[in-house]
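So this first bit is one chain, no partners, the form predicted on its own, shown in structure tokens.
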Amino acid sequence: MSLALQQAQKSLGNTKQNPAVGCVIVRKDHIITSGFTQKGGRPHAESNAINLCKSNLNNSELYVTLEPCSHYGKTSPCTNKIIKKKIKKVFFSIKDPDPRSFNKSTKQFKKSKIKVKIGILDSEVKKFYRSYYKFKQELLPYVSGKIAISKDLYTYNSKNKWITNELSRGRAHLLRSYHDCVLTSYNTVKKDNPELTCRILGLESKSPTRIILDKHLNLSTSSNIVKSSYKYKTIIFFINSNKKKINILKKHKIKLIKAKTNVDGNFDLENVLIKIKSLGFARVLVESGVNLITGFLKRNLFDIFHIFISSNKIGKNGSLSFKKNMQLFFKNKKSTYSKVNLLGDKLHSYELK
């Protein structure tokens, strides 16, 4: 099951509203095939493992992180394929919260005299599927926050584009690959001119959809975001604009969505997240400057928050302090905490309860 979970982790953030599932098939204590859910959510892990196997699967044992699907959707049920291949035992960690499959596969397997065991590594697997559970059961998608700060808590360096070291920046790229969209503000794009892609060798295809909050559609057509919009999916939420700018951005294959406002005339962040979820995005990474991050913190919209802390102080070249925001974040928050050392820099992650 641990190996099946490793398979599932390969597709985390790339299956949209479908769960990232891993599967391992064993005969006589030897792994004969494995698979994971493919990009976009199909084919499923069990189907991939079965299709990749060149030998007969009679009397083999199948380990899968999530209860196999038992309903007809865009593909036929994985339960049917497992039964057809005469697999003798099925082990899955947790039941699928999707009501179309919840607790149904066990009955079908038992009718076909296939032994079933549930619960192996269930606590670890439940944590892995936190975003999937939230997508199925709650109004908002799973939201991660990420910010980089200096040792003296500044978020901007007037003398250097980078605050953290190369290893921290690489880790941030890896973080993007675990999400199906990355959300930022126009101000961040204007200041940093980022690409917001995953530029790790071999993971380029896991770059998330870029979503920009741009109130008046001021985004420059010479920005890296617009110049790369033919290659990487891009969505802009706006409030006010003119038809000319809308048409220009549409010609760059950018999807435009007019957003609702709050009482202050700014973006209604909850409504933005609801719309993002309706587009099929399950894991949202907010990667932005102080203002947008603060808006999410004030509304308690983060499920997990990542703070990259540099080993260096900026001093007089620093601005946009995160000190007050740190106090806001930790006030009355219950979270589990983890820390990673990145060659002097530190990554502190807080998973909110």
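Quantities reported herein were computed from a predicted structural model and do not represent experimental measurements. Position 1 is the first residue in the sequence shown; the rest follow in order.
Not on display, but discussed next: the form predicted together with a small molecule.
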Next item on the list: May I ask whether P208, I235 and V284 all come within 4.5 angstroms of the small molecule in the predicted bound form, judged by heavy atoms?
Entry: no
Notebook entry, point to check: Since the chain is shown here on its own, which stretch among 75-83, 226-234, 262-270, 247-255 would lie within 4.5 Å of the small molecule in the predicted bound form, judged by heavy atoms?
Noted result: 262-270
Notebook entry, point to check: With the partner left out of view, is L57 within 4.5 angstroms of the small molecule in the predicted bound form by any non-hydrogen atom?
Noted result: no
Item checked: Distance check, D192 to the small molecule in the predicted bound form, heavy atom within 4.5 Å -> yes
Next item on the list: Look up in the predicted bound form whether A148 has a non-hydrogen atom within 4.5 angstroms of the small molecule, and give yes or no.
Entry: yes
Next item on the list: Find out whether any non-hydrogen atom of S185 is located within 4.5 angstroms of the small molecule in the predicted bound form, and reply yes or no.
Entry: yes
Notebook entry, point to check: Which pick from S177, S144, T155, S168 sits with a heavy atom within 4.5 Å of the small molecule in the predicted bound form?
Noted result: T155
Check: Of the options V26, L52, M326, L320, which one has a non-hydrogen atom that comes within 4.5 Å of the small molecule in the predicted bound form?
Finding: L320
